[in-house]
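Shown below, as structure tokens, is a lone chain in the form predicted alone; questions about how it binds or moves come after it.
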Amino acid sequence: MNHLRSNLWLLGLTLLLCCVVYPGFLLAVGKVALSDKSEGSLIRDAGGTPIGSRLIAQPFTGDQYFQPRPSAVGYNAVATGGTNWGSANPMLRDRVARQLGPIVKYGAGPRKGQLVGPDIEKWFQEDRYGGKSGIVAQWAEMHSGFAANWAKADPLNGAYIATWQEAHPDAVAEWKKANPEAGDPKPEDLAGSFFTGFSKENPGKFPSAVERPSADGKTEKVIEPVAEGTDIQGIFFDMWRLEHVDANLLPVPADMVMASGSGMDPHITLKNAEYQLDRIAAKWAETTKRENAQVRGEVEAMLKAGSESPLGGIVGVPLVNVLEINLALREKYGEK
């Protein structure tokens, strides 16, 4: 009985210390001394509603905002992770090229500092690859996997191919003949035939999502043939670059085009932020009807004041928290 009594006392004391006293002590310290961090480093609006965390990236697409690093998981904190694509993987090259097309600038020459995108659009519309209609078909033939991914990337893309499929039963019949046991084709199965036919019917254009007024007075996205835009600048940047190897382009900070391991990195480098500065300052200057140079100087000062280096600058490079700087921009320039 003495041994049993001692063990029961030890069990009770252990449960009290480990399951009540110690967790309670940590909870008290977290709530009192580290209340912000213990609650997830949340950022709240004026009404106290959480709108994000300093530790988790959010997507920003407007020209007036700094954009975070690319995310392989769509900034979904439930499924963090990277693409795990190796440096020789063509999917990585394609993704990076699509991001570079709309943002890369000339590094020297008469157009130094200007975006390359408009020249990619002009090049896209020129006679090449057997005429204007050939470049899209050539792209689909060279990169059948990319063409199939385009069909799967957005339901609008798949629906557009399905509509084309109804108007071209011969393409469906030909595919079924080549794949007798596969059943009805999916949109991605017909991507190659679709782009070949599309390029003939719409020379010098590419199917892209555009916003149009809807019947209810709002806007809706539809796929239409276009001759310019970020899709053309991104998709065809790699092909343009291979024909313009001597073009002097301004180096782009790596974290602008390379995803982080978690896909949720809340920071970008100060160099990344400065590369985006011209676009953001121009948009806020337009919104506030102020001088571009003045707005640019203010935003640049905000960046330098809000940047910080790991371990107080002992290691690493200056970083900027994307959510915090974007909220500061919204507060300063009055967007509600």
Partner chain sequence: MWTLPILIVGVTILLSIPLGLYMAGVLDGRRRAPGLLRSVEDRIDTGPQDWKQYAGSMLLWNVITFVIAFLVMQFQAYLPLNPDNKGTLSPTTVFNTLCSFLSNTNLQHYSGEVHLSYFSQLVVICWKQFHTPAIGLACLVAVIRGLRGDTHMGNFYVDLWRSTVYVLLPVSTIVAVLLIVGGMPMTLEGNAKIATVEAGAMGTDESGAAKPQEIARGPVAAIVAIKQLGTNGGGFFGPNSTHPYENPNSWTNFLECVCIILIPMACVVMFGRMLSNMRHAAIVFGVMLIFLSTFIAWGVYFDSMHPNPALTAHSATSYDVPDASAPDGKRVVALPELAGLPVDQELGNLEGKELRFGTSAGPTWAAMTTCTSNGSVNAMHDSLNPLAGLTPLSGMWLNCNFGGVGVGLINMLIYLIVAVFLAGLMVGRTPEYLGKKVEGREMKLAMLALLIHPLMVLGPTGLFTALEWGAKSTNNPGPHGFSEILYEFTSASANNGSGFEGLADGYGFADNPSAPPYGAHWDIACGLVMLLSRFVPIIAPLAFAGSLAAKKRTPFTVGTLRTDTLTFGFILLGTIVLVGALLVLPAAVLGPIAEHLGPLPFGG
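Residue numbers count along the first chain shown, from 1. Quantities reported herein were computed from a predicted structural model and do not represent experimental measurements. In this text, the rigid core denotes the largest set of C-alpha atoms whose superposition between the two forms falls within 1.5 Å.
One more form of this protein exists, namely the form predicted in complex with its partner chain; it is left out here, but the text below deals with it.
A.B. asks: Looking in the model of the complex, any heavy atom of residue 276 within 4.5 Å of its partner chain?
C.D. replies: Result no; residue 276 lies far from its partner chain in the model of the complex.
A.B. asks: Look up in the model of the complex whether residue 284 has a non-hydrogen atom within 4.5 angstroms of its partner chain, and give yes or no.
C.D. replies: Contact check for residue 284: no, nothing within 4.5 Å of its partner chain in the model of the complex.
A.B. asks: Flag residue 58 as yes or no: does it have a non-hydrogen atom within 4.5 angstroms of any non-hydrogen atom of its partner chain in the model of the complex?
C.D. replies: Residue 58: yes, in contact with its partner chain in the model of the complex.
A.B. asks: May I ask you to state whether residue 50 is within 4.5 Å of its partner chain in the model of the complex, using heavy atom distances?
C.D. replies: So residue 50 counts as contacting its partner chain.
A.B. asks: Which one, 163, 179, 76, 219, lies within 4.5 Å of its partner chain in the model of the complex by heavy atoms?
C.D. replies: Residue within 4.5 Å of the partner: 76.
A.B. asks: Could you tell me which one of 169, 113, 261, 155 places a heavy atom within 4.5 Å of its partner chain in the model of the complex?
C.D. replies: Selected residue: 261.
A.B. asks: Exactly one stretch in 190 to 198, 204 to 212, 91 to 99, 221 to 229 has heavy atoms within 4.5 Å of its partner chain in the model of the complex; which is it?
C.D. replies: Looking at the other structure, the answer is 91 to 99.
A.B. asks: Judged by heavy atom distances of 4.5 Å or less, which residues of 169 to 193 approach its partner chain in the model of the complex?
C.D. replies: Result: empty, none.
A.B. asks: Fitting the rigid core first, would the Cα of residue 261 be found 2 Å or more away between this form and the one not shown?
C.D. replies: It does not reach a 2 Å shift.
A.B. asks: Superpose the two forms on their rigid core, then report whether the C-alpha of residue 244 is displaced by 2 angstroms or more between this form and the one not shown.
C.D. replies: Result for residue 244: no, shift under 2 Å.
A.B. asks: Does the C-alpha of residue 91 move 2 Å or more between this form and the one not shown once the rigid core is lined up?
C.D. replies: Residue 91: C-alpha displaced by less than 2 Å between this form and the one not shown.
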